[in-house]
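Just one chain follows, in the form predicted on its own, and it is written as structure tokens.
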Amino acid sequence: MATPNGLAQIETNGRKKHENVVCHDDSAAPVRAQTIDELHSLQRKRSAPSTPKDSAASAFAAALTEEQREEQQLQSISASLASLTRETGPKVVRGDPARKGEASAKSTPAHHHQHPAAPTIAVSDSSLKSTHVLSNLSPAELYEQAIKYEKGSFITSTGALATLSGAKTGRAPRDKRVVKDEAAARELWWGKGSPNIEMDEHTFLINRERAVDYLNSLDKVFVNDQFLNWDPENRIKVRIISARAYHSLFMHNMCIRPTDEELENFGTPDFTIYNAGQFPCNRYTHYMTSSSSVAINLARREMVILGTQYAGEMKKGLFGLMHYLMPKRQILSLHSGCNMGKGGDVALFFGLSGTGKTTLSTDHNRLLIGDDEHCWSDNGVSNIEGGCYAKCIDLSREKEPDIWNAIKFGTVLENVVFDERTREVDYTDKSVTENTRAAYPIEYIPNAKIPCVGPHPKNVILLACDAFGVLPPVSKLNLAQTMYHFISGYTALVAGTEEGIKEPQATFSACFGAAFIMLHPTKYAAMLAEKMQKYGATGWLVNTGWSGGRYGVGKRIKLPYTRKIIDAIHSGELLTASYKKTEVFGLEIPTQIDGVPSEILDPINTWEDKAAYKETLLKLAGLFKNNFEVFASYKIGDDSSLTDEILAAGPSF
């Protein structure tokens, strides 16, 4: 049942019994800091003259130890939640408590229209407290909130908001759970290889109650009402309830921003996130393995976050939701980049980290539809998001000018290090984490196509950085091969990236995004092949890795050559080229491409040691076969013919 403010009311009765299992936290600290002050010190580089400090505030902070500060916080929370008979919780009040009288204001700006009305409160201790809801604030207002109240929030020299995500500076996939009810058990991919780890609904509700209790204990919370999917016929309404202005601004950038009129008529959301990431989960609750928990209930259309403040959990949680909801509408959800030529030809780019997906999908001669998440429906292709989430490590104006110029007012910078006085960011500094990020609206990219939609793709490009040096620079794939390599999601780590690695390490990620998919990979692959066949798209496998030998022996394929290959795909030149078939993988490779040396198109030509080439080729083929074993038993009903067809498209030796 929904309350007058549109949020689902918490049910506290009728829970099923279950067996409690004690799980211990064995996770290591992702950052080199034991307190928030230590983490904060990593964020700023000392410089002279030092930034003036508030002496009174500094003296007060010094007078309290971290233990005393945590104890005060816990006492405050306990006091506000003292009653055992709490029903609906604290009063919900509109506006910022710092602005006296705003709660009773007769009118508010357009972006405040979604402030929930105060519900009727049953008599309890917690009902004496008010929680202020700051709904759909502008970036400027969120800047004010972050800088005033969130330690570690600063304006950088370019106007971006630099902030800290706390101890967790990346996603926690081992702490992500999905409620396995009857429908989920039947529809979702479970078992070996699956990213879906189960939990029961009762445990989810315990975590939800804990999150809502924490949010209710706060003086104020932030609410975002936004959309997913630029296709107006298939967009999803999402509501994000969070404790930090940083999280609210992050989602403001990453989701699609409604107009004032759309906010007025927003109604009940299709999915709600309760982000109480500052508060830990109860580690002794069933299914918990650490103090972090990211829990999704597809039946309730809800997500609960505890124990991690990393904002990417919200973005990728919603992506997982789209991987579940969209196929139900016969719409394919894709972890890909997407751009469009001036003639309306659309290309999809798939690739894991290090394959060049961002570099190759960013083309000043083509419009950017999106950099990460898309849908392919009967209406064409559409971006799921309203922003970009770019890596910042070693970012430079020369290498990535579009991203560099997008880091301005409104952009969120996560966990970067900057000069204490000038506020200039040092993108090479990894003191907090190597996973530094920037989140900005997609319109900050000059050649972004707004609205972010396009016609049906002409080309589906699968990128692999093959550090073994045996895959061709480009291959034309038939539909079965496209499904095989799409499910495989291959790239290779090079030696030296981790201690002890002496040779390339193969990495496979189903559908080029295994951590986010909900259904079996074969279902997405079959939908991809069906749409490619229906709308006349061609599949390509492009190797951006090594040639003439594995890493350490050969050389990486020159980027200008790869760009010429991509240009030849876009122009249609490769559709009319002459082809020959390779051994083992059975790939169709062109014999000539303008601007690319013909001898590199067949990798065997570039190896001096032909025996070593064949040995390495067979080794990689074996790795592909071993990886595919987990998918080999998939059936649609009692029929395994589709899987058999896909398997036949793999390497043969």
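All values derive from a computational prediction rather than experimental measurement. So that there is no doubt, residue numbering starts at 1 and follows the sequence shown. We call the rigid core the largest set of C-alpha positions that still match within 1.5 Å between the two forms.
One more form of this protein, predicted together with a small molecule, exists but is not displayed; see below.
Using a 4.5 Å heavy atom cut-off, indicate which stretch of 387-395, 194-202, 229-237, 153-161 touches the small molecule in the model of the complex.
Of the options, only 387-395 has residues within 4.5 Å of the partner.
Among 242, 145, 355, 415, which has at least one heavy atom within 4.5 Å of the small molecule in the model of the complex?
Of the candidates 242, 145, 355, 415, 355 is the one lying within 4.5 Å of the small molecule in the model of the complex.
Please identify the residue among 140, 299, 559, 185 with any heavy atom within 4.5 Å of the small molecule in the model of the complex.
That would be 559.
Can residue 400 be called a contact residue for the small molecule in the model of the complex at 4.5 Å between heavy atoms?
Residue 400: yes, in contact with the small molecule in the model of the complex.
With a 4.5 Å heavy atom cut-off, would you call residue 359 a contact of the small molecule in the model of the complex?
Within the cut-off, so yes.
Quick one: does residue 544 come within 4.5 Å of the small molecule in the model of the complex, counting heavy atoms only?
Flag for residue 544 set to yes.
For residue 313, is the CA shift between the shown form and the other one at least 2 Å following rigid-core superposition?
No, because once the rigid core is superposed, the C-alpha of residue 313 moves less than 2 Å between the shown form and the other one.
Using the rigid core as the reference frame, would you say residue 562 shifts its C-alpha by 2 Å or more between the shown form and the other one?
Yes, the C-alpha position differs by at least 2 Å between the shown form and the other one.
Quick check on residue 352: with the core superposed, does its CA move 2 angstroms or more between the shown form and the other one?
It does shift by 2 Å or more.
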